[in-house]
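Same chain, two versions here, written out as structure tokens and called structure 1 and structure 2.
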Structure 1
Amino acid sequence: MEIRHKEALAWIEEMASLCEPDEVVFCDGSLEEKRRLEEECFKTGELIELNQEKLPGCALHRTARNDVARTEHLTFICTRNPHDAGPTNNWMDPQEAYSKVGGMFKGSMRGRTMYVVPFLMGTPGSPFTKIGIELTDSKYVVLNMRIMTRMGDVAARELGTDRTFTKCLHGKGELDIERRFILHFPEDNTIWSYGSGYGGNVLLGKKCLSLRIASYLGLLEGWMAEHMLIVGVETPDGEVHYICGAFPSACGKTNLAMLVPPKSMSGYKVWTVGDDIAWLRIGPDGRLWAVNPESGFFGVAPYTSYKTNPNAMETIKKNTIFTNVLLTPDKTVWWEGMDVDPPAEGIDWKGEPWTPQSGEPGAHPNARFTAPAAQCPSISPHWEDPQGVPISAILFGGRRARLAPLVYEAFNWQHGTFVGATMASETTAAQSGAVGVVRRDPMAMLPFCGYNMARYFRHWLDMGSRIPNPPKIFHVNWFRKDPDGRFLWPGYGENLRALDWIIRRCKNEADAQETPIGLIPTKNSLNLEGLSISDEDLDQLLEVKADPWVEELESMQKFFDQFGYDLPEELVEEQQALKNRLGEWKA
């Protein structure tokens, strides 16, 4: 299947004459092509072939040491007017960006091959699917895109002669952090990424297209692109309720999407629809419907184990690319928290000899696996439905060692938008920079919103008034700790207990207690059968005290201040209402 789209062909030629590759190769997405690229990578060391008996179809990749996570400070929204990027995004003038980074791309692919990767975000034939073409000089990117998107002939066919597509240009450059830029041009439907070889910076269908560009398209077209997992929970009566959850990077989306019910809740089944991105639209029935535009998982490896996430462990047994994990002597993989004894020796993520006594992690804390979603034992039979699945509840959540209770319900959509807009989380290894610092991360979209975040809040409020049967909105926190740093909540599979309360709230079948921040479970409305948790821990997990929340209000205020008059009035009202309720709260 050739590309027959004149505008696409002209653009590819233009970019090729800018980057000057020795060769331009069109990718078809075939198995033969995958094998050929892998063989080439094994020769150069770009990939290491793993033990094909134990891990068939699997390979290991190590990134440059300075290139192990998304670099938010090098990520830009390039709009003519800086106000359109807003105060929470880095901004660059489009002309300046094209010329500055164009200068870096100039001749940067000499001696290299430029791969042309047509890809779909969404399923072929769906009216909601978006098309992209990524030009890249990285075989690792091609092989990952093959898992994460529907790529090659299937996308070229969809592109036809006249469909709209996102122009994505990626070059590894020198992998020099001083010459690294991730640029988005929403007004031109264009993405340029230079100087990186790491996941979210270079798999341009993922965060760049499906969140930053798509959030902008959603604003224009009346839908939402969100950093959300999608999971179906089948209750013992056989009904399936779909839930979306926005948690910041490395805060538990993949784990919740693949949850395995605890033994004492064996009547429940959990179905995985998506683990990172949801595109939400109002369906003909007046409900909100969600599509997962991806076709694979780019998941965090450390602490993934048969105890914490058995479905992920089963998913990554074959056809998986591991990035920055430890290589064992028998050519398998290991990482911290895998719940398997470490090998006596191995090669760490930096490519150095390693032993358990090294005193350094063998896998990078943001080590990842790339695996086809279809291999997941809990994958939903509806995960590729073109119209998606109907959503009963939206969750916001993050890592908060203190303050945020296990679960609470917003009073309504507007209040829920406020809860999302004011959420905060401790930073993780998924982005470069300090780990464990609490930062505001509205709707887990702070690094991913392709336009002014105040306008994004407005869009949330507008959508709410347009959805006849909106989902209920909740806030969850699996990460509360006691003063000694011990998690108060067991997490993982036991999180189903919170989901169960949420589903029963959606059906008006569970009790709640009203507090200033929202509706909290009464102790006996939670299903805790078979869970050993002390009364004191449970009390702490559900407590709402006025003083720390008043402090929190101040930090919310600081965050809101940067939006000035753009901040929707409704959010100011919600903040005032919370303040008033806290003033009257005795706890």
Structure 2
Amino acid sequence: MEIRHKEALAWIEEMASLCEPDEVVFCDGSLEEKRRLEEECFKTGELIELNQEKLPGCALHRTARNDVARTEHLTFICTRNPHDAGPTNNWMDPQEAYSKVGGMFKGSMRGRTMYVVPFLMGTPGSPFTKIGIELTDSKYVVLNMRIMTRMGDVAARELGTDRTFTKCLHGKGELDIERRFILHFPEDNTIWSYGSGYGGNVLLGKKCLSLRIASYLGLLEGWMAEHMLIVGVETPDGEVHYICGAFPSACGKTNLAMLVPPKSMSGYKVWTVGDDIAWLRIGPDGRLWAVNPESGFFGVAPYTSYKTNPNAMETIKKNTIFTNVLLTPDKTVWWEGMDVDPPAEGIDWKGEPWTPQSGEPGAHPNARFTAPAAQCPSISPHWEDPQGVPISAILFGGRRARLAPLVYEAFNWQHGTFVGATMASETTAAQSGAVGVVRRDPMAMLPFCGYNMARYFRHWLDMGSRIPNPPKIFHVNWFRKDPDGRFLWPGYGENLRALDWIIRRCKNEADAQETPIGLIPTKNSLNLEGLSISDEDLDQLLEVKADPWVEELESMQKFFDQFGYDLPEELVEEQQALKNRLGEWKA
């Protein structure tokens, strides 16, 4: 592989002189390179080769015990003016960041190899696509980037001699949490990650470039980088409508992206375009078009099963890297919530002997799989279209036991932006000792917005004014409970019934009832054929009560207060309008 970009070559040389690796290797993305790196990892123990009859092309990796998830408190937005990072991000002065962490990088790759990984976020030749070069001393990173991005020669060709690219530097360092930093320099189009080996901190094309840096680039260039799935729903008449959806963690985002229609809804098909990230631009037809910039899935393994997500289970049968799962005696993998009996013994995610009586999980709760998207049985035939797919609807979702109805439609784009800006989810027992605590996560972007979130809200509003044919905006909640704590909605594949109503609303073919929070389905407008659900449960699912929403307004206000005068006036207007509507509501 040959890089002909003078600025890129000068930067690679500068970073190599800083980190002082024994060798610099340019990655070409070939199958031969993959096999060579895997064999090296098998010899050192960085990867464990799995049973090639049962899991062909699959391997297992274990991270350091202190390095098992994204480290938000060590993730910084480094802008010259702290105001540009905003109140919801950690900020560090760029000069301080370069100096402090540059000192850590100094000589950190002695005795190691620096791999040069040119990569594309998006497909070759697409106007959406962004180019990055990641320098790393981790073979695990190279092999994961091979799955998650289009990397090697294809990216070097796209880079050419003069294309703009994101400079991404990663070093494992000592894997010491006291010396761990994930730094984003949006004004310099640069990312530095030091001291971690965990995917979310080190696969720099993912959250770092595709959301934090890309959200800032989208602000400058007039498009949107969003933490959203993209799914196509094909109705029995053969029409396909594409939907984007933003969900906080533990709300079934990947399951929805790979949904399998229930048997009672014959004639429907669901097509997966992406499970995590959407880049959205206004198309020449005046609609919003979305691409998935990734080429793989970096999914949470625990509680992924043939019941919750059969398409994911089929996807990960081959060519997959598993991280921090349990290793079984026959060199396959297991995790909690797999809906398969645990093995009598195994080696846990920490590399220690394990049995079901150990009293500790065999797999880490944030154990992962990295798998090529092309292997997904439900992958859309249009998932790599350079122009993307046209979006009919945008969903915001959360886990709310008592408040939000199953589904409701925003009155317009401005109101929909308010719905997204105030979306929240309640903590579960798996997340926190305090169950039911409401956490605000606007557009599911709170950890991933690369600049001041108040300005991000303004960008949403400005985009809406520029889209001639904007998608409709909806809110969904699969997690409503009755007073006894029983889920009222079956979820999983049955969620297609809500999507069906949403699509028919986009076509002006479904009835709705106006409430203070938005438009909810009339009972007869939902397709419930083949679903056993009582009238009482359905009433509770669609119920909108004034008092809990008045309390919600107070919680929204506390969240908005941190933005001060930067908060767009339109959101203040929407909040007041909701308050007024609730005051008149008699339901």
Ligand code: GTP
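Bear in mind the structure is a predicted one, so any value in this text is a computation, not a measurement. We call the rigid core whatever largest set of C-alpha positions still superposes within 1.5 Å between the two forms. All residue numbers here refer to structure 1's sequence, counted from 1.
Only structure 2 of the pair represents the form predicted alone. A movement of the C-alpha atom of residue 269 falling short of 2 angstroms is seen between structures 1 and 2 when the two forms are aligned on their rigid core.
After superposition on the rigid core, the Cα of residue 89 moves by less than 2 Å between structures 1 and 2. Once the rigid core is used as the reference frame, the Cα position of residue 401 differs between structures 1 and 2 by 2 Å or more. Once the two forms are overlaid on the core, residue 539 shows a Cα shift of 2.6 Å between structures 1 and 2.
Here residue 250 exhibits a Cα shift of 4.0 Å between structures 1 and 2, evaluated on the superposed rigid core.
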